[in-house]
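A lone chain, given as structure tokens: the form predicted on its own.
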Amino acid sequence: MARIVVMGGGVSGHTSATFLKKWLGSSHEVIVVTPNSLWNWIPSNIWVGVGQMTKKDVTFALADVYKKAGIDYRQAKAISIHPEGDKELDKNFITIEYTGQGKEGSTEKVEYDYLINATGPKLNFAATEGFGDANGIGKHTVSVCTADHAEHAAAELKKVFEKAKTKKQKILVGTGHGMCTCQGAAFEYIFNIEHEAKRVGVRDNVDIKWISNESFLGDFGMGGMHLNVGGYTASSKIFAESLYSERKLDWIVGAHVNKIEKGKAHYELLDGTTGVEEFDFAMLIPPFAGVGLKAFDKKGEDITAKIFAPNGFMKVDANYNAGAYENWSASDWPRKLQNPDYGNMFAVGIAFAPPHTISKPMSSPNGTSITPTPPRTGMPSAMMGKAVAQSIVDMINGASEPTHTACMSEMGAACVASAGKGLFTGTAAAMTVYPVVPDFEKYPGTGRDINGTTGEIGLAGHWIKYLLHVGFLWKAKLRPGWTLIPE
């Protein structure tokens, strides 16, 4: 009997674990280690953040779902990886520390035959002065990165809207550091705020501004796109600028927020100049980092730097020596998501270390890096989780190496970005991109297949977004027919 341990129960980890158990049945053991008791459909957190949904609408308890599936669930956080075992245990294992199930604070060694790192990110609020603490709690701003954060954001936004009935209010939304990712969540949130301000009748008394580390609107951490819009080709820059302009939203781009005080965000721009943006309410996405896992060899020597990149994400079969931007290639990106030193370890979703950014790296004259880091969430994360699960099943059944791939320079992705929720008033931008990482050798000029990279906005997009919310919660709960819903 083989034992597969999945560290993390988010989109990628949950996908891996549930498919592994379905395909392997009771003949093999699947263990999920995650510090969370709830599964969160993160794309809908933006609706929680404006009060259009509640935490209960976007989460469910993992314990019952895993019990029904026959998956061993440990509510704990992974602390360290021992891929060679140690002096006491001649078997590879991880150490965990319980955060629930009545075992809080206790530690345990969990052996594995195959290990999937799907831990996701640490919300690195501490990277920006005054942003928040090491526990991921914002001081002067709010967040929509978790359901709890989003509920807090909704409560604070409600207060601002109430004040706006009699006094002008300033709202700031975007990224809180020069190396942030996940511009998409902030992109959706700013439009939902604008939509809600109109709905409650305070839009004329609210100034809403965007601030981002993107060098231009519509970069999205993917170097921008050329979209097929209604049969015409338009750049994502023009597409995004049109959306912001139509809704009277100002923007600051190429910005590294380096300090946050109460009501003030200090920033440096790509040209080296600095500024301060005042706010009454701010939702700024923090930068992501690895969760801080350590690794040790059989002798107890620290091999963390061997297994993980400096940012804390796990190394996989990527080209980490591509060098200058001019040398970058689509082939730099990992395909098997397998650790090069230990073939029974994999990393999926945000947990794997990308070889480099997708957007062109930029820095200010002061040497400050201001470049979006690659998005690895949502659809790509789920596709990686399923592919690695398929490879492990085949390896258990005799394959000598991974049999399935999920490379971001070979896969497409769909994104439906909400611009406001409402039965008849909601809108969303429905976008597809192929491939996620541009391949300029295969698609000269644009780097992507223009027929597979599209964008449309309207009420239909909103309903697609809502149906995805319903469908993916159904899938994650392993309801009847869940395997028929694509990643």
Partner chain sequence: MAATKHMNHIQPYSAQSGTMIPTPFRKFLRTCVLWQIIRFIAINIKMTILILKSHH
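Quick caveat: nothing in here was measured; it's all calculated off a predicted structure. Residue numbers count along the first chain shown, from 1.
The same protein also has a form predicted together with its partner chain, omitted here; what follows describes it.
The putative spot formed by W251, M379 and A430 is fully lined by its partner chain in the model of the complex; each residue has a non-hydrogen atom within 4.5 angstroms of it. Only one of T304, Q101, T233, S245 comes within 4.5 Å of its partner chain in the model of the complex through a heavy atom, and that residue is S245. The partner is absent here; in the model of the complex, the one residue of A413, A330, A318, A295 having a heavy atom within 4.5 Å of its partner chain is A413. Of the candidate stretches 452-460, 30-38, 48-56, 63-71, only 452-460 has residues with heavy atoms within 4.5 Å of its partner chain in the model of the complex. When contacts are judged by a 4.5 Å heavy atom cut-off, P438 does not count as touching its partner chain in the model of the complex. Remark: F93 does not count among the residues lining its partner chain in the model of the complex, judged by a heavy atom distance of 4.5 Å or less. In the model of the complex, M383 approaches its partner chain with a heavy atom inside 4.5 Å. Its partner chain is not drawn, but in the model of the complex it has no heavy atom within 4.5 Å of S359.
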